[in-house]
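Take a look at this single chain, the form predicted on its own, given in structure tokens.
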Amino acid sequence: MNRAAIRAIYVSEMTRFFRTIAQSFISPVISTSLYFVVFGAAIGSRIDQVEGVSYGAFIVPGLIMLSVMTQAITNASFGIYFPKFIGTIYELLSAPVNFLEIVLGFVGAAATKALFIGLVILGTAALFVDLQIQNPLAMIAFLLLTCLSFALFGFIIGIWAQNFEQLQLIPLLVITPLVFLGGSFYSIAMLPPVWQKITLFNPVVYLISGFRWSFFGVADVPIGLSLLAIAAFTALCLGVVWWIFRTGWRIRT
């Protein structure tokens, strides 16, 4: 394995991230604070507890998942799309670097950025509510798997996209609505029975439920299903990335 190539891609992507560290750091802090003002204060004052957890604390895992998924997709998609846009992707493809090393460099950097944002939001949330994480190892595992899987998904979007508008299409019109409808700010047990069954077709439900379980020990779906869902999604993304490099779809034409 060409570790120098992986490191070069990774460092290049992380350098671009730290050039805008103020925007990368301040933006999620402000967004999280606004969510707590609107949901935690305005709505939380009318809702005492959800499944035995204060409403302000209950929404923290959903807020983290919302930002982590969005940031992982955005960073990974832009990271691979920009070399396509300016044509440097051909230099990368002609270098003695295989597809796995390219993916590790771009996806690893995007996952690191998303993890950083997730930890920043977690720290910001701790300023507003009293957080006690019951299963810290499970929390870190879910966070890492989410960062990795959605960075892979963003990498696929970056290869698929043919313009800058398409880069934002799926994060804004697909991922964000799925997160909001996936129990990020409420328990699906609060929904009517019919909508509870419909909500279970939303894959994000399983990620948020498992992540919330690591905080409070409560979940909308069994923890085993949550692990199976994120493992299956990661495997699917890996398979699609392998097929893309095997066929050269939208990277050699």
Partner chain sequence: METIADIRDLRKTYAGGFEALKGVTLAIETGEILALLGPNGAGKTTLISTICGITSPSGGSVTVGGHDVVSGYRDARRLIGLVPQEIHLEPFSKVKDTVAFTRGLFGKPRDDGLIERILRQLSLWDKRDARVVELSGGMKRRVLIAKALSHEPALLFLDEPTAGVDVELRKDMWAIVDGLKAQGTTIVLTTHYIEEAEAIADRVGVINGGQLLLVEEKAALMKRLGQKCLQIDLLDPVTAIPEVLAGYGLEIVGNGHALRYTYDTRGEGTGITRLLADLSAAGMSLRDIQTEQSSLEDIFVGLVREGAA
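Bear in mind the structure is a predicted one, so any value in this text is a computation, not a measurement. Positions refer to the first chain, counted from 1.
What follows is about the form predicted together with the partner chain, which we do not show.
- Under a 4.5 angstroms non-hydrogen atom cutoff, the partner chain in the predicted bound form lacks Gln166 among its neighbouring residues.
- When the partner chain is considered in the predicted bound form, Ile9 lines it closely, a heavy atom lying within 4.5 Å.
- Looking at Asp130, you'd find every heavy atom of it more than 4.5 angstroms from the partner chain in the predicted bound form.
- Phe180 falls outside the set of residues with a heavy atom inside 4.5 Å of the partner chain in the predicted bound form.
- Only one segment in the set 97 to 105, 132 to 140, 110 to 118, 155 to 163 has any non-hydrogen atom within 4.5 angstroms of the partner chain in the predicted bound form, and it is 97 to 105.
- Among the residues Leu122, Leu148, Ile170, Leu92, the one placing a heavy atom within 4.5 Å of the partner chain in the predicted bound form is Leu92.
- Taken together, the three residues Arg46, Ser54 and Trp195 all stay farther than 4.5 Å from the partner chain in the predicted bound form, as judged by their closest heavy atom.
- Taking a 4.5 Å heavy atom cutoff to the partner chain in the predicted bound form, the contacting residues in 59 to 89 are Phe82, Ile86, Gly87, Thr88.
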